[in-house]
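This document starts with one chain, in the form predicted alone, laid out as C-alpha cells.
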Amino acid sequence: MTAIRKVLANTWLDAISLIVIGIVFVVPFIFIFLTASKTGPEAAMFEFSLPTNFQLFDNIREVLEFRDGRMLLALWNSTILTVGSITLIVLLSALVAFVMQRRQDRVASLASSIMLAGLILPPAVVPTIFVLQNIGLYRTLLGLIMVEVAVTMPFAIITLRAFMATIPREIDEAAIIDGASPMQVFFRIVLPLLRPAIITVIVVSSVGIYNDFAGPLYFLPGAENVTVQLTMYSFISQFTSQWHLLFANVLVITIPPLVMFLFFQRQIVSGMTKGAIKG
C-alpha cells in the first residue's frame, strides 16, 4: 500500500506540474500562434479561437517584407550583438573567475564584492550614454556589445567561479611542475573542464541579450540599428494597431531562441554528465 501511495503521489505531482507548465508557457504560445494566423479585424477581438481564414504565412511574409526587410536587418543586428557579446563574456569571465578562485587575498575578496554589487545595482543609463559618446561608440553595435558585456559579466563570473571551485588545485600544481605557464594551465586544463558552466552561461546570457529591449532602446537608436525587440514598435501606433502582424512579429522573434534552447538542452545534459563523471 505504501508503494502504491508513493506512485499515486508522484503521478499527482507530475500532473500538477504539467498543468502549471501548460498554463504558464503553452497556453500563451498557442494564443500567440492563433492570433498571428488571423486577419486584422479578427485578431483585434483578442479571442482564444481558431482563425476563420488561416493566413499565418501571409502575415509572416508581410512582417519580413515590412519597410524593405526591416525584420531581416533586425535579426542580423541581434545576431551580431548576441554572438559578439557572448564571445567576450565567456572569455573574459572565465579568465577573471580563474584568477579570483585561485587567489585568496583581499583583492579577490574586494573583486567578489564588486561582482555581487554588479548583480544588484542597475546600470546607469545617462552616464553610460555620456561615456559612449566621449569614446565615439554611441549608436554603434560595438558600444552596445560593451554595455551587454559589462552588465552580464557579474553573473557569468559568479557562475564560472562556483563551478571552478570543484576543480582540484592539484591539477594546476601538477601542470606547473611539468613546465606549463599559468595561461597554458587555464586554456589547456581548466577551460575544457568548465564546459558545463560555460554552456549554462551561454544559454542564459544569450537569451537575455537577444531579448533585451532597454539596451538597444537607450544605447542603439536609429533605424539602421534596429534589433528584433524594437521591431514590435512597427505595428503599434497612437491611432491604429495591426495586431495580427504584431503577433506574427512576436512569433518570428521567438523562433531563434526556441531553436537555440532545443539545441543546447542536449548539450547541457551531456556537459553536466561529463562534469559529474570527471568530478
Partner chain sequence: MMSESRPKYILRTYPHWFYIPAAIIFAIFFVAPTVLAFYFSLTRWTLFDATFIGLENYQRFFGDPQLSAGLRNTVIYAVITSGLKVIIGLLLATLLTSRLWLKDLLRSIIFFPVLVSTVAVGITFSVLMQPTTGLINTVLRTTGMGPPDWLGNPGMALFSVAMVDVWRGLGIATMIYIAGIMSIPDDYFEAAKLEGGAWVKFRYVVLPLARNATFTVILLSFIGGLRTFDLIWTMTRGGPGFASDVLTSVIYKQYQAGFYGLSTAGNVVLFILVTIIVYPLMRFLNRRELAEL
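Under this definition, the rigid core comprises the largest set of C-alpha atoms superposing within 1.5 Å between the forms. Positions refer to the first chain, counted from 1. Everything quoted here is computed from the prediction, not taken from an experiment.
As for the form predicted in complex with its partner chain, it is not shown, yet the points below apply to it.
Visitor: Identify, from the list 86, 100, 71, 198, the residue with a heavy atom within 4.5 Å of its partner chain in the predicted bound form.
Guide: Only one listed residue qualifies here, and that residue is 100.
Visitor: Taking its partner chain as it sits in the predicted bound form, is residue 127 near enough to touch it, meaning that at least one heavy atom pair lies within 4.5 angstroms?
Guide: So residue 127 counts as contacting its partner chain.
Visitor: If we define contact as a non-hydrogen atom of the residue within 4.5 angstroms of the partner, is residue 41 a contact of its partner chain in the predicted bound form?
Guide: Judged by the heavy-atom cut-off of 4.5 Å, residue 41 is well away from its partner chain in the predicted bound form.
Visitor: So, residue 218 and its partner chain: in the predicted bound form, are they within 4.5 Å at any heavy atom pair?
Guide: Yes - in the predicted bound form, heavy atoms of residue 218 and its partner chain come within 4.5 Å of each other.
Visitor: Taking any heavy atom pair closer than or equal to 4.5 Å as contact, tell me whether residue 193 reaches its partner chain in the predicted bound form.
Guide: Judged by the heavy-atom cut-off of 4.5 Å, residue 193 is well away from its partner chain in the predicted bound form.
Visitor: Which of the residues spanning 136-166 lie within 4.5 Å of its partner chain in the predicted bound form, based on heavy atoms?
Guide: Result: 137, 138, 146, 147, 149, 150, 151, 153, 154.
Visitor: So with the core overlaid, does the Cα of residue 27 end up 2 Å or more away between the shown form and the other one?
Guide: Yes: residue 27 shifts by at least 2 Å between the shown form and the other one.
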